[in-house]
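To begin, one chain is listed below as C-alpha coordinates, in the form predicted on its own.
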(Lines give C-alpha, C1' and ligand atoms only; values in the text may rest on other atoms or scores of the structure.)
Protein backbone atom coordinates (compact mmCIF):
# COMPACT_ATOMS: atom_id res chain seq x y z
CA UNK A 1 0.00 0.00 0.00
CA UNK A 2 1.17 3.51 -0.78
CA UNK A 3 -0.35 6.99 -0.74
CA UNK A 4 0.03 9.51 -3.56
CA UNK A 5 0.03 12.88 -1.81
CA UNK A 6 0.01 14.98 -4.99
CA UNK A 7 -3.30 16.89 -5.38
CA UNK A 8 -5.60 15.51 -8.08
CA UNK A 9 -8.36 17.59 -9.62
CA UNK A 10 -11.87 17.22 -10.98
CA UNK A 11 -13.66 19.71 -13.22
CA UNK A 12 -15.27 21.53 -10.29
CA UNK A 13 -11.88 22.14 -8.66
CA UNK A 14 -10.68 24.67 -11.26
CA UNK A 15 -11.59 27.63 -13.43
CA UNK A 16 -9.76 28.94 -16.50
CA UNK A 17 -8.05 32.33 -16.18
CA UNK A 18 -9.00 34.86 -18.91
CA UNK A 19 -6.27 36.46 -21.01
CA UNK A 20 -5.96 39.24 -23.57
CA UNK A 21 -7.39 38.06 -26.89
CA UNK A 22 -6.84 39.07 -30.51
CA UNK A 23 -9.88 37.16 -31.76
CA UNK A 24 -12.20 39.80 -33.30
CA UNK A 25 -15.33 37.69 -32.85
CA UNK A 26 -16.42 34.34 -31.45
CA UNK A 27 -17.73 33.51 -34.92
CA UNK A 28 -14.18 33.47 -36.34
CA UNK A 29 -12.95 30.77 -33.95
CA UNK A 30 -12.42 27.42 -35.64
CA UNK A 31 -13.72 24.39 -33.73
CA UNK A 32 -12.87 21.87 -36.44
CA UNK A 33 -9.67 19.94 -35.97
CA UNK A 34 -7.78 17.48 -38.17
CA UNK A 35 -6.27 14.37 -36.61
CA UNK A 36 -3.87 11.82 -38.01
CA UNK A 37 -4.05 8.57 -36.10
CA UNK A 38 -0.79 6.91 -35.14
CA UNK A 39 -1.43 3.21 -35.74
CA UNK A 40 -4.14 3.14 -38.41
CA UNK A 41 -2.38 5.95 -40.32
CA UNK A 42 -5.75 7.47 -41.22
CA UNK A 43 -7.10 11.00 -40.74
CA UNK A 44 -10.34 12.55 -39.48
CA UNK A 45 -11.57 16.15 -39.47
CA UNK A 46 -14.40 17.63 -37.46
CA UNK A 47 -15.52 18.93 -34.07
CA UNK A 48 -14.23 16.43 -31.48
CA UNK A 49 -17.49 15.69 -29.64
CA UNK A 50 -18.47 12.01 -29.41
CA UNK A 51 -21.82 10.56 -28.32
CA UNK A 52 -21.37 7.71 -25.85
CA UNK A 53 -22.11 4.10 -26.80
CA UNK A 54 -24.78 3.89 -24.09
CA UNK A 55 -27.90 2.29 -25.54
CA UNK A 56 -29.87 5.53 -25.13
CA UNK A 57 -27.40 7.96 -26.70
CA UNK A 58 -25.46 5.74 -29.10
CA UNK A 59 -28.33 5.55 -31.57
CA UNK A 60 -28.52 5.74 -35.34
CA UNK A 61 -30.64 8.87 -34.97
CA UNK A 62 -27.98 10.51 -32.80
CA UNK A 63 -25.31 9.69 -35.38
CA UNK A 64 -27.43 11.28 -38.11
CA UNK A 65 -27.88 14.43 -36.01
CA UNK A 66 -24.22 14.76 -34.98
CA UNK A 67 -22.66 13.73 -38.27
CA UNK A 68 -20.69 14.41 -40.27
CA UNK A 69 -18.96 17.01 -38.07
CA UNK A 70 -19.18 15.05 -34.81
CA UNK A 71 -18.91 11.35 -33.98
CA UNK A 72 -21.21 8.78 -32.36
CA UNK A 73 -20.26 5.44 -30.84
CA UNK A 74 -23.13 3.22 -31.95
CA UNK A 75 -24.25 0.98 -29.09
CA UNK A 76 -23.55 -2.73 -29.48
CA UNK A 77 -27.09 -4.02 -28.99
CA UNK A 78 -28.41 -3.38 -32.48
CA UNK A 79 -29.07 -6.42 -34.67
CA UNK A 80 -26.62 -7.41 -37.38
CA UNK A 81 -29.20 -6.50 -40.01
CA UNK A 82 -29.63 -3.00 -38.62
CA UNK A 83 -25.87 -2.50 -38.35
CA UNK A 84 -25.35 -3.67 -41.93
CA UNK A 85 -27.92 -1.18 -43.18
CA UNK A 86 -26.42 1.67 -41.16
CA UNK A 87 -22.73 1.11 -41.84
CA UNK A 88 -23.49 0.25 -45.46
CA UNK A 89 -24.54 3.87 -46.00
CA UNK A 90 -21.74 6.12 -47.25
CA UNK A 91 -23.04 9.12 -45.30
CA UNK A 92 -22.42 7.32 -41.98
CA UNK A 93 -18.90 5.94 -42.64
CA UNK A 94 -16.99 8.98 -41.35
CA UNK A 95 -19.08 9.81 -38.30
CA UNK A 96 -19.70 6.58 -36.37
CA UNK A 97 -17.77 4.00 -34.36
CA UNK A 98 -18.78 0.35 -34.38
CA UNK A 99 -18.76 -0.61 -30.68
CA UNK A 100 -17.66 -4.01 -29.36
CA UNK A 101 -16.57 -5.58 -26.10
CA UNK A 102 -13.74 -8.10 -25.84
CA UNK A 103 -15.68 -11.36 -26.00
CA UNK A 104 -15.52 -13.83 -28.88
CA UNK A 105 -19.09 -12.96 -29.80
CA UNK A 106 -18.19 -9.29 -30.19
CA UNK A 107 -15.28 -10.10 -32.48
CA UNK A 108 -17.44 -12.47 -34.52
CA UNK A 109 -20.10 -9.78 -34.92
CA UNK A 110 -17.54 -7.26 -36.18
CA UNK A 111 -16.07 -9.84 -38.56
CA UNK A 112 -19.48 -10.62 -40.02
CA UNK A 113 -20.38 -6.95 -40.52
CA UNK A 114 -16.97 -6.09 -41.94
CA UNK A 115 -17.24 -8.86 -44.54
CA UNK A 116 -20.09 -6.91 -46.13
CA UNK A 117 -19.53 -3.22 -45.36
CA UNK A 118 -16.40 -1.06 -44.82
CA UNK A 119 -16.27 -0.28 -41.08
CA UNK A 120 -13.47 2.26 -40.48
CA UNK A 121 -13.90 3.19 -36.79
CA UNK A 122 -14.15 0.69 -33.92
CA UNK A 123 -14.66 1.46 -30.23
CA UNK A 124 -13.60 -1.29 -27.83
CA UNK A 125 -15.43 -0.53 -24.61
CA UNK A 126 -14.82 -2.22 -21.26
CA UNK A 127 -15.16 -0.93 -17.72
CA UNK A 128 -11.67 -2.07 -16.72
CA UNK A 129 -8.90 -1.48 -19.23
CA UNK A 130 -6.17 -2.73 -16.89
CA UNK A 131 -6.29 -6.46 -17.63
CA UNK A 132 -3.79 -8.38 -19.74
CA UNK A 133 -6.74 -9.94 -21.57
CA UNK A 134 -7.92 -6.49 -22.64
CA UNK A 135 -4.48 -5.63 -24.05
CA UNK A 136 -4.25 -8.99 -25.84
CA UNK A 137 -7.65 -8.56 -27.45
CA UNK A 138 -6.87 -5.04 -28.69
CA UNK A 139 -3.62 -6.30 -30.20
CA UNK A 140 -5.49 -9.15 -31.86
CA UNK A 141 -7.96 -6.68 -33.32
CA UNK A 142 -5.13 -4.55 -34.69
CA UNK A 143 -3.46 -7.60 -36.25
CA UNK A 144 -6.73 -8.61 -37.90
CA UNK A 145 -7.55 -5.13 -39.19
CA UNK A 146 -4.38 -3.01 -39.47
CA UNK A 147 -6.08 0.00 -41.08
CA UNK A 148 -9.10 0.53 -38.83
CA UNK A 149 -9.06 3.35 -36.32
CA UNK A 150 -9.39 1.88 -32.81
CA UNK A 151 -10.62 3.76 -29.76
CA UNK A 152 -10.14 1.65 -26.62
CA UNK A 153 -10.68 2.00 -22.90
CA UNK A 154 -11.32 2.79 -20.20
CA UNK A 155 -8.15 3.68 -18.32
CA UNK A 156 -7.14 6.64 -16.17
CA UNK A 157 -3.35 6.57 -15.82
CA UNK A 158 -0.53 7.35 -18.26
CA UNK A 159 1.18 3.95 -17.99
CA UNK A 160 -1.74 2.16 -19.63
CA UNK A 161 -2.07 4.87 -22.27
CA UNK A 162 1.55 4.34 -23.19
CA UNK A 163 1.18 0.57 -23.36
CA UNK A 164 -1.84 0.74 -25.64
CA UNK A 165 -0.02 3.12 -27.99
CA UNK A 166 3.47 1.61 -27.95
CA UNK A 167 2.14 -1.88 -28.72
CA UNK A 168 0.48 -0.46 -31.81
CA UNK A 169 -2.91 -1.56 -30.54
CA UNK A 170 -4.98 1.63 -30.32
CA UNK A 171 -5.21 5.09 -31.85
CA UNK A 172 -7.42 6.84 -29.29
CA UNK A 173 -7.44 5.93 -25.59
CA UNK A 174 -10.67 6.43 -23.65
CA UNK A 175 -9.92 8.06 -20.28
CA UNK A 176 -12.20 7.88 -17.27
CA UNK A 177 -12.81 5.48 -14.38
CA UNK A 178 -16.02 6.26 -12.55
CA UNK A 179 -16.80 9.93 -13.34
CA UNK A 180 -20.04 9.34 -15.26
CA UNK A 181 -23.33 10.69 -13.90
CA UNK A 182 -24.91 7.21 -13.72
CA UNK A 183 -21.71 5.32 -12.84
CA UNK A 184 -21.26 4.09 -9.26
CA UNK A 185 -17.86 2.41 -9.63
CA UNK A 186 -16.21 4.81 -7.19
CA UNK A 187 -18.91 4.21 -4.58
CA UNK A 188 -19.03 0.44 -5.01
CA UNK A 189 -15.29 -0.22 -5.36
CA UNK A 190 -13.42 2.83 -4.08
CA UNK A 191 -11.49 2.80 -7.39
CA UNK A 192 -11.15 5.85 -9.63
CA UNK A 193 -9.11 8.92 -10.51
CA UNK A 194 -10.18 12.60 -10.55
CA UNK A 195 -11.08 13.23 -14.15
CA UNK A 196 -9.29 16.51 -14.90
CA UNK A 197 -5.98 15.18 -13.60
CA UNK A 198 -6.52 11.92 -15.44
CA UNK A 199 -6.93 13.83 -18.70
CA UNK A 200 -3.88 16.04 -18.09
CA UNK A 201 -1.62 13.09 -17.27
CA UNK A 202 -2.96 10.73 -19.94
CA UNK A 203 -2.95 13.38 -22.67
CA UNK A 204 0.67 14.23 -21.85
CA UNK A 205 1.61 10.56 -22.18
CA UNK A 206 -0.35 10.10 -25.41
CA UNK A 207 0.83 13.25 -27.16
CA UNK A 208 4.45 12.36 -26.45
CA UNK A 209 3.82 9.24 -28.55
CA UNK A 210 1.69 11.03 -31.17
CA UNK A 211 -1.44 9.33 -29.86
CA UNK A 212 -4.81 10.71 -28.78
CA UNK A 213 -7.15 10.56 -25.80
CA UNK A 214 -10.91 10.82 -25.42
CA UNK A 215 -12.23 12.17 -22.11
CA UNK A 216 -15.13 9.90 -21.14
CA UNK A 217 -17.50 10.89 -18.36
CA UNK A 218 -18.03 13.64 -15.83
CA UNK A 219 -19.08 16.49 -18.14
CA UNK A 220 -22.30 18.05 -16.90
CA UNK A 221 -22.04 21.52 -18.49
CA UNK A 222 -20.43 23.08 -21.58
CA UNK A 223 -17.82 24.53 -19.21
CA UNK A 224 -16.76 20.99 -18.23
CA UNK A 225 -16.29 20.14 -21.90
CA UNK A 226 -14.12 23.24 -22.27
CA UNK A 227 -12.02 22.19 -19.27
CA UNK A 228 -11.54 18.69 -20.72
CA UNK A 229 -10.37 20.10 -24.05
CA UNK A 230 -8.20 22.69 -22.31
CA UNK A 231 -6.60 19.90 -20.25
CA UNK A 232 -5.47 18.20 -23.44
CA UNK A 233 -8.32 15.89 -24.41
CA UNK A 234 -8.45 15.37 -28.17
CA UNK A 235 -12.07 14.18 -28.00
CA UNK A 236 -14.80 14.46 -25.37
CA UNK A 237 -17.40 11.71 -25.01
CA UNK A 238 -20.85 12.67 -23.71
CA UNK A 239 -23.62 10.53 -22.26
CA UNK A 240 -25.83 12.35 -19.78
CA UNK A 241 -25.50 15.70 -21.57
CA UNK A 242 -26.94 14.14 -24.73
CA UNK A 243 -29.66 12.20 -22.92
CA UNK A 244 -33.24 13.46 -22.97
CA UNK A 245 -33.23 14.46 -26.63
CA UNK A 246 -35.47 13.35 -29.49
CA UNK A 247 -32.61 11.36 -31.02
CA UNK A 248 -32.24 9.08 -27.98
CA UNK A 249 -33.41 5.49 -28.15
CA UNK A 250 -35.20 5.56 -24.83
CA UNK A 251 -38.13 4.59 -22.68
CA UNK A 252 -40.02 7.87 -22.59
CA UNK A 253 -42.30 9.14 -19.86
CA UNK A 254 -45.28 10.98 -21.31
CA UNK A 255 -48.04 13.22 -20.04
CA UNK A 256 -51.05 14.02 -22.21
CA UNK A 257 -49.28 12.43 -25.15
CA UNK A 258 -46.18 14.63 -24.80
CA UNK A 259 -42.69 13.57 -23.80
CA UNK A 260 -41.66 14.96 -20.42
CA UNK A 261 -38.69 12.77 -19.43
CA UNK A 262 -36.73 9.61 -20.24
CA UNK A 263 -35.26 6.80 -18.20
CA UNK A 264 -31.46 6.92 -18.22
CA UNK A 265 -29.18 4.29 -16.70
CA UNK A 266 -25.56 3.19 -16.62
CA UNK A 267 -24.53 0.26 -18.80
CA UNK A 268 -23.28 -1.57 -15.69
CA UNK A 269 -26.56 -0.98 -13.84
CA UNK A 270 -28.98 -3.71 -12.84
CA UNK A 271 -31.42 -2.30 -15.40
CA UNK A 272 -28.93 -2.76 -18.25
CA UNK A 273 -27.85 -6.22 -17.10
CA UNK A 274 -31.47 -7.37 -16.77
CA UNK A 275 -32.11 -6.06 -20.28
CA UNK A 276 -29.07 -7.46 -22.08
CA UNK A 277 -27.34 -10.23 -20.11
CA UNK A 278 -30.18 -12.08 -18.43
CA UNK A 279 -29.70 -10.42 -15.07
CA UNK A 280 -26.89 -9.64 -12.68
CA UNK A 281 -24.44 -12.47 -12.02
CA UNK A 282 -24.05 -13.58 -8.41
CA UNK A 283 -20.33 -12.74 -8.35
CA UNK A 284 -20.67 -9.04 -9.11
CA UNK A 285 -22.35 -5.84 -8.00
CA UNK A 286 -24.11 -3.29 -10.17
CA UNK A 287 -21.80 -0.35 -10.84
CA UNK A 288 -24.40 1.89 -12.41
CA UNK A 289 -27.59 3.56 -11.34
CA UNK A 290 -30.87 4.76 -12.87
CA UNK A 291 -32.05 8.33 -13.22
CA UNK A 292 -34.73 10.39 -14.90
CA UNK A 293 -33.67 13.00 -17.49
CA UNK A 294 -36.13 15.75 -18.40
CA UNK A 295 -37.08 16.04 -22.05
CA UNK A 296 -34.84 18.53 -23.91
CA UNK A 297 -36.16 18.52 -27.48
CA UNK A 298 -33.85 18.16 -30.50
CA UNK A 299 -30.17 17.63 -29.76
CA UNK A 300 -29.24 20.46 -32.12
CA UNK A 301 -30.14 22.98 -29.40
CA UNK A 302 -27.70 21.41 -26.93
CA UNK A 303 -24.97 21.13 -29.57
CA UNK A 304 -25.32 24.85 -30.32
CA UNK A 305 -25.01 25.57 -26.60
CA UNK A 306 -21.88 23.41 -26.34
CA UNK A 307 -20.19 24.88 -29.42
CA UNK A 308 -21.08 28.40 -28.32
CA UNK A 309 -19.52 27.79 -24.92
CA UNK A 310 -16.32 26.41 -26.44
CA UNK A 311 -16.02 29.34 -28.85
CA UNK A 312 -16.55 31.82 -26.04
CA UNK A 313 -13.91 30.11 -23.91
CA UNK A 314 -11.41 30.32 -26.75
CA UNK A 315 -12.13 34.04 -27.06
CA UNK A 316 -11.61 34.54 -23.32
CA UNK A 317 -8.12 33.00 -23.38
CA UNK A 318 -6.89 34.27 -26.74
CA UNK A 319 -7.14 31.05 -28.74
CA UNK A 320 -8.16 31.60 -32.36
CA UNK A 321 -8.86 27.89 -32.84
CA UNK A 322 -9.76 24.88 -30.71
CA UNK A 323 -6.35 23.45 -31.46
CA UNK A 324 -4.74 26.32 -29.54
CA UNK A 325 -7.02 26.17 -26.50
CA UNK A 326 -4.82 23.99 -24.31
CA UNK A 327 -1.74 26.09 -25.13
CA UNK A 328 -3.56 29.23 -23.97
CA UNK A 329 -5.03 27.77 -20.79
CA UNK A 330 -4.03 28.48 -17.22
CA UNK A 331 -6.14 26.65 -14.68
CA UNK A 332 -6.87 28.38 -11.38
CA UNK A 333 -7.62 26.16 -8.40
CA UNK A 334 -10.69 27.11 -6.42
CA UNK A 335 -10.13 27.90 -2.76
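Computed from a predicted model, the values in this text were never measured in an experiment. Residue numbers count along the first chain shown, from 1.
Keep in mind the form predicted together with guanosine-5'-monophosphate (5GP) is missing from the figure; the text below concerns it.
With the partner left out of view, is residue 232 within 4.5 angstroms of guanosine-5'-monophosphate (5GP) in the model of the complex by any non-hydrogen atom?
No, residue 232 stays farther than 4.5 Å from guanosine-5'-monophosphate (5GP) in the model of the complex.
Quick one: is residue 218 in contact with guanosine-5'-monophosphate (5GP) in the model of the complex, heavy atoms, 4.5 Å cut-off?
So residue 218 counts as contacting guanosine-5'-monophosphate (5GP).
Verify the contact flag for residue 268: yes if a non-hydrogen atom of it lies within 4.5 Å of a non-hydrogen atom of guanosine-5'-monophosphate (5GP) in the model of the complex, no if not.
Looking in the model of the complex, residue contacts with guanosine-5'-monophosphate (5GP) include residue 268, since a heavy atom lies within 4.5 Å.
Though only this chain appears here, would residue 238 touch guanosine-5'-monophosphate (5GP) in the model of the complex if you measure heavy atom gaps against 4.5 Å?
So residue 238 counts as contacting guanosine-5'-monophosphate (5GP).
Work out which of 182, 200, 122, 138 lies within 4.5 Å of guanosine-5'-monophosphate (5GP) in the model of the complex, going by heavy atoms.
It is 182 that has a heavy atom within 4.5 Å of the partner.
If we take heavy atoms and a 4.5 Å cut-off, which stretch out of 297-305, 60-68, 46-54, 33-41 is in contact with guanosine-5'-monophosphate (5GP) in the model of the complex?
Only one stretch qualifies here: 46-54.
For a quick check, can you give me the residues of 279-317 that have a heavy atom within 4.5 Å of guanosine-5'-monophosphate (5GP) in the model of the complex?
Residues within 4.5 Å: 287, 288.
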